[in-house]
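Heads up, the chain below is alone and in the form predicted on its own; it's given as structure tokens.
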């Protein structure tokens, strides 16, 4: 178990260094940052002085080492667009993105797994066929179109939910939350559905296919022959053995929810990191873009490590392999 965790940590560090190199390359190959920070009338002497203060005249390896060191301590420099510290801009937008991603994940997993189990246990029922048809719509339609349709129906026609913004928030130190106000909760509904609908349909179809496959195995037939109840067979045996691939896909999709919240935040004018990234791309704000890439990759790495650890909880074969390897040593 410890060796497994150490290997995963080493791989995580390698991934973050690779993403850090890509983010660092933005500074090197996408224009001159000095031109974005000074005016046209700035003299060459002032430009060179600013370049020296920023360390841009150092060798690329030294600049990369300094960039990684600063990123590890949460320092990403100043925004070219606002001249504010990038870390502060990210922290201001981070709560909005994480709360939206959390609600979308709960919506996707909380409905996707039960619906997948139901359609897998009763594949020929008319409700299962209807859910399968609806799931095709969720997979086929692009996110921005789903968001626009929800805004048109619930915000424009029915006028029961807000179409943009985060609503009222409560501040806890540097963290802001919309969970404690009625307008904040209402503002979360439409973007959460928009962001989580694709993941919901994907999880539902995956659980369904795994349940159908597991229900045809010999040990399920043996369990029925032993006289076990349907509840014990369906949830104690079948569902448990479908969780390993489901955990894998769900973990990747949770990371994707955070990474690809850009479209949803743009459609609903949600004040999160995705909207900040879009604004940074429009203005060529490279420090913010680099910080966003590193932060998203960090979330992906952490989620994948949690998924790998959950394998040991769900799959007893992995625990047995770990115990056998420890016995040999």
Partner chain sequence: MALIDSFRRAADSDIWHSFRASPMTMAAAAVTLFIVLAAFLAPLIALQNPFDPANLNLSDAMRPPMFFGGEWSFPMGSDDQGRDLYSAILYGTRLSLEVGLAVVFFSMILGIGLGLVAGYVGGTLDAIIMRIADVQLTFPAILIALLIDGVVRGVISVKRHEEIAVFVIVASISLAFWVQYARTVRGSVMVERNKEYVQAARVIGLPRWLIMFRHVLPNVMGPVLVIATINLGLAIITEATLSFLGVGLPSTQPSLGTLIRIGNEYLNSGEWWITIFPGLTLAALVLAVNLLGDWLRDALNPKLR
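Numbering follows the first chain given and starts at 1. These numbers come from a predicted model, not from an experiment.
What follows is about the form predicted together with the partner chain, which we do not show.
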{"property": "Heavy atom within 4.5 Å of the partner chain in the predicted complex - the one residue of 183, 140, 217, 82 that qualifies", "result": "140"}
{"property": "Residue 271, heavy atom within 4.5 angstroms of the partner chain in the predicted complex", "result": "no"}
{"property": "Distance check, residue 300 to the partner chain in the predicted complex, heavy atom within 4.5 Å", "result": "yes"}
{"property": "In the predicted complex, residue 260 touching the partner chain (heavy atom, 4.5 Å)", "result": "yes"}
{"property": "Residue 228: touches the partner chain in the predicted complex, heavy atom cutoff 4.5 angstroms", "result": "no"}
{"property": "Options 96-104, 184-192, 156-164, 118-126; stretch whose heavy atom lies within 4.5 Å of the partner chain in the predicted complex", "result": "156-164"}
{"property": "Heavy atom distance at most 4.5 Å to the partner chain in the predicted complex, all of 19, 281 and 293", "result": "yes"}
